[in-house]
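Okay, so here's just one chain, in structure tokens, the form predicted alone.
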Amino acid sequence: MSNPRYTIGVSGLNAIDSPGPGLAVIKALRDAESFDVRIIGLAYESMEPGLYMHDLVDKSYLVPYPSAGQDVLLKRLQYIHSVEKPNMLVPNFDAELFNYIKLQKTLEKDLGIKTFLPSEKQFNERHKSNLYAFGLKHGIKVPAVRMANTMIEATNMASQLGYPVVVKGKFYDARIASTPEQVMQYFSKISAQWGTPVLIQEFISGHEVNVCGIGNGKGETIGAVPMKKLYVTEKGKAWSGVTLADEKLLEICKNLVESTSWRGPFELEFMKTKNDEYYLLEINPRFPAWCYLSVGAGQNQVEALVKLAMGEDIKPFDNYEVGKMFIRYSNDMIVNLEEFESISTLGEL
């Protein structure tokens, strides 16, 4: 019996110095053993490299920025559906997820497009601004955090928490500030790019450990792979990492998924102290850019996500390979100008 073939739309094709998860998700889909895929790339800008990676992406479309709202996005997806008939969409940016979460019932009912996303409540509770209360509710240590709308508020809050502090954008970016001058500098840069509030967070000393996983929405962890960053960029993005054996971290992860009945993919970012305490820094409600490492370690969580969306009952992964590394690299592509002109003018390629 041949495998089913799905057409799946994937966003996050910006394979740059702060890469989106899209290409890693697509590679995992290409490696799936239980189905075949046709990939539709969804991009926001004509310079996103994934648009031109024809070995990974079969057809690409520009979509409106999240700020345009749900109605504009739905109209664009209706057009894409009229041409491509996608079976599923896998959005991969924090900023776009709210629109997709609000539209997920409409997409399935009216267009037959499936998703497997967290609920609106789950999405809102794990926001950086709500994370401290989230930690109290679910029994997880979370650094103290304040929300600053002005530069004066930011410096005052940093003084209250004590230096150093972490200055974080509401969607992306985090910088460690040791002086009021650095707080002002980072507040200015981050607020200009991501808006306010900007978060001023207590600094926890230790080393960062992350978990890439997926929950089935019924309290069960389908997969979880912990990773330690070996090399990071100036923006704090992992450029290489290795899978870890950490039963305590996995137990915290599974308890969190059970407590929240988390639905869909996630990345948990923790700071592990020298006393083996774990502080939750962020919950990203989508696959991380390093999620292909989970495939290399024996858990194709992206394949599992599709099967869950298609209504299949699947068993949780029971292990993964410790000591598997990923190393990211830059590459040059040669692209025909006609392709760039096509995506820039027609919005599809």
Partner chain sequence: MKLKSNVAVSDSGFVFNAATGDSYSINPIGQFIFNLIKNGATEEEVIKHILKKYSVDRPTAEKDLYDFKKILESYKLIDTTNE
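None of the values given here were measured: they were computed from a predicted structure. Residue numbers count along the first chain shown, from 1.
Separately, the form predicted in complex with the partner chain exists; it is not shown, and the next lines address it.
**Asked** Do heavy atoms from each of A32, A304 and I314 fall within 4.5 Å of the partner chain in the model of the complex?
**Response** No, the whole trio is out of contact, none within 4.5 Å by any heavy atom.
**Request:** Identify which of L230, A144, I152, A133 has a heavy atom within 4.5 Å of the partner chain in the model of the complex; exactly one of them does.
**Result:** After the contact test, the surviving option is L230.
**Item:** Contact assignment for the partner chain in the model of the complex, among K272, K237, R76, K170, heavy atom within 4.5 Å
**Value:** The residue in contact is K272.
**V242 within 4.5 Å of the partner chain in the model of the complex, heavy atoms** = Judged by the heavy-atom cut-off of 4.5 Å, V242 is in contact with the partner chain in the model of the complex.
**Request:** Determine whether any heavy atom of D246 comes within 4.5 Å of a heavy atom of the partner chain in the model of the complex, and answer yes or no.
**Result:** Yes, D246 is a contact residue.
**Asked** According to a 4.5 angstroms non-hydrogen atom cut-off, is D276 in contact with the partner chain in the model of the complex?
**Response** The answer is yes: D276 has a heavy atom within 4.5 Å of the partner chain.
**Message:** V322 versus the partner chain, in the model of the complex: is there a non-hydrogen atom within 4.5 Å?
**Reply:** Yes, contact at 4.5 Å.
**Message:** Heavy atoms within 4.5 Å of the partner chain in the model of the complex: which stretch in 222 to 230, 112 to 120, 136 to 144, 86 to 94 meets that?
**Reply:** Correct option: 222 to 230.
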